[in-house]
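Below you'll find only one chain, the form predicted on its own, shown as structure tokens.
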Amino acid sequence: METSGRVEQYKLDNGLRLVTAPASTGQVASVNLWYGVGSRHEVPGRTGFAHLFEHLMFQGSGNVTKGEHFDVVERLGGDINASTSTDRTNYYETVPTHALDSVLWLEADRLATLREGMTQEVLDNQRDVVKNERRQRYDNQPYGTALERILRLAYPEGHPYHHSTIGSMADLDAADLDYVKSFHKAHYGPDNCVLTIVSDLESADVLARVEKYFGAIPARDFIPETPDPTLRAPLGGPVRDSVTETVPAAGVFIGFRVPAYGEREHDVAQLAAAVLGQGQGSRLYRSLVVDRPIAADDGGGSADILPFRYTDSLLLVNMLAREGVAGDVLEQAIREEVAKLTSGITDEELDRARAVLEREHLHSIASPSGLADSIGSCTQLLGDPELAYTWPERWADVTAEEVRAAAERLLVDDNMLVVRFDPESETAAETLQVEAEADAAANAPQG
């Protein structure tokens, strides 16, 4: 056992890492499992599997029927969900403390016996669910393919961050039952999991319960090779992808490679993003939404970091044009504001950026569920659960000159990608409508 301040850490004989922490509110227990598998572990032709598995994990196991996991937690008055990213997949529940054993049993059972409950029918059903999710969130949404286009520009083909977590329709169609089972066997083992429990129970009590349910599950008998995330060449920008489709207004997405999550220069880039586009006191909001104004009101959320632990992250800026404003005008204005960072920022701007980031972080860990998630992240990705509490200290000694220097080095054209969406012109749209009506008439049944 390791004890460090507010958290306690244990490692079971099978490799499972357990972190316990006190809840700010009593009578609830938040359980959060971070598995070290995400879309970066997928291989060409098998994209989307990590996310597909997130769905399959709720479809029954050796001792739990389809949908029963959700049903049990919801009958207890609990909250349950899961998510998938490039670097991990996590599953989480918050329940009354007296229900902790039930949740631990459910989680341990699907870890140990999921493959026993996996059938072709289950796979086919969830594959259709994921494909429908792709249609709704990506293919049929204005600007819905922006992230996929950004990733394709930012990382070369074959790089593990070149594709999004949703995967392609073709790869999802190619999923077969044997490969799905082998994916679970390769990545879902106690030795690839961080289990965080935030509750008002004594840590020794929590450890005993976890040992009871997880202790007998064997570690993986082999560890698959992880695709190499090394970037062997600079971005070579500016690179761009221009899209003309049915969108309500021009949309500008600009990205820059910045250092990986966990590095000091990543923290500096976070502050640069906050100065640029986080909050209504940010430069982009004040300049392009309030003063000119040429950008739609986004509430002050136009810049942020897409954090990746094992390769360069991305600093992204995104704004939509106001009615009547051309995409070229908005793009040029954004690029000018970004370039101004190289001339420096004021201490007042830096203090505001720190306050914005600190507030967001403290808000994220205010609930037992949020704290458990942050601890799981810091443990799985950085090996230090205490960072969940101390993260704002990373921004405390960053200077205005560091932000300026980072902007001068990173926020430049040869490190820039641009994805631009422009609306179809009314004439073009009318032409398409006429063509569609003509096709429909030509193909209509005769007689």
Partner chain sequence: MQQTRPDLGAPASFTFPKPQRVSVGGGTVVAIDVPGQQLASLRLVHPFGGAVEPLDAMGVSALTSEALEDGPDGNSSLAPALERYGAEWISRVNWDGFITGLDAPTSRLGDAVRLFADAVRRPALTADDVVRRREQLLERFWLDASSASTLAMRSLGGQLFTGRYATPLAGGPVKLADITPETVARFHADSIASVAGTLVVVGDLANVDLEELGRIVFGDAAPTPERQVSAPAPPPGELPRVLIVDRPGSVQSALVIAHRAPSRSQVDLPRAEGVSDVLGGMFTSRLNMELRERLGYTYGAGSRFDLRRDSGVFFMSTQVEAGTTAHSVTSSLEQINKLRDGGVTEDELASVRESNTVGLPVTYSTARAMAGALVDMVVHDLPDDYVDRNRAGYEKLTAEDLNGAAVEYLRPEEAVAVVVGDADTLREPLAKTGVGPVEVRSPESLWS
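Because the structure is a prediction, the values reported are computed rather than measured. Residue numbers count along the first chain shown, from 1.
Below, we refer to the form predicted in complex with its partner chain, which is not included among the displayed structures.
Engineer: Can you confirm whether H55, P142 and K212, the three residues that make up this candidate site, all sit within 4.5 Å of its partner chain in the predicted bound form, judged by heavy atoms?
Structural biologist: Answer is yes for this spot.
Engineer: S102: heavy atom within 4.5 Å of its partner chain in the predicted bound form?
Structural biologist: Output for S102 is yes: heavy atoms within 4.5 Å of its partner chain.
Engineer: May I ask you to check whether E263 falls inside a 4.5 Å heavy atom distance of its partner chain in the predicted bound form?
Structural biologist: Looking in the predicted bound form, residue contacts with its partner chain do not include E263, since no heavy atom lies within 4.5 Å.
Engineer: Report whether the minimum heavy atom distance between P368 and its partner chain in the predicted bound form is within 4.5 Å.
Structural biologist: P368: yes, in contact with its partner chain in the predicted bound form.
Engineer: So in the predicted bound form, does A295 come within 4.5 Å of its partner chain, heavy atom to heavy atom?
Structural biologist: Close contact exists here: in the predicted bound form, A295 approaches its partner chain to within 4.5 Å, heavy atoms only.
Engineer: Using heavy atoms only and a 4.5 Å cut-off, determine which of V289, L114, V180, I150 is in contact with its partner chain in the predicted bound form.
Structural biologist: It is V289 that has a heavy atom within 4.5 Å of the partner.
Engineer: Would you kindly say which of A175, L320, A333, I305 lies with a heavy atom within 4.5 Å of its partner chain in the predicted bound form?
Structural biologist: Checking each option against its partner chain in the predicted bound form, the one that comes within 4.5 Å is L320.
Engineer: Heavy atoms within 4.5 Å of its partner chain in the predicted bound form: which stretch in 186 to 194, 338 to 346, 229 to 237, 277 to 285 meets that?
Structural biologist: It is the stretch 277 to 285.
Engineer: Can you tell me which residues in 342 to 359 come within 4.5 angstroms of its partner chain in the predicted bound form, by heavy atoms?
Structural biologist: The stretch touches the partner through E348, R352, A355, V356, E358, R359.
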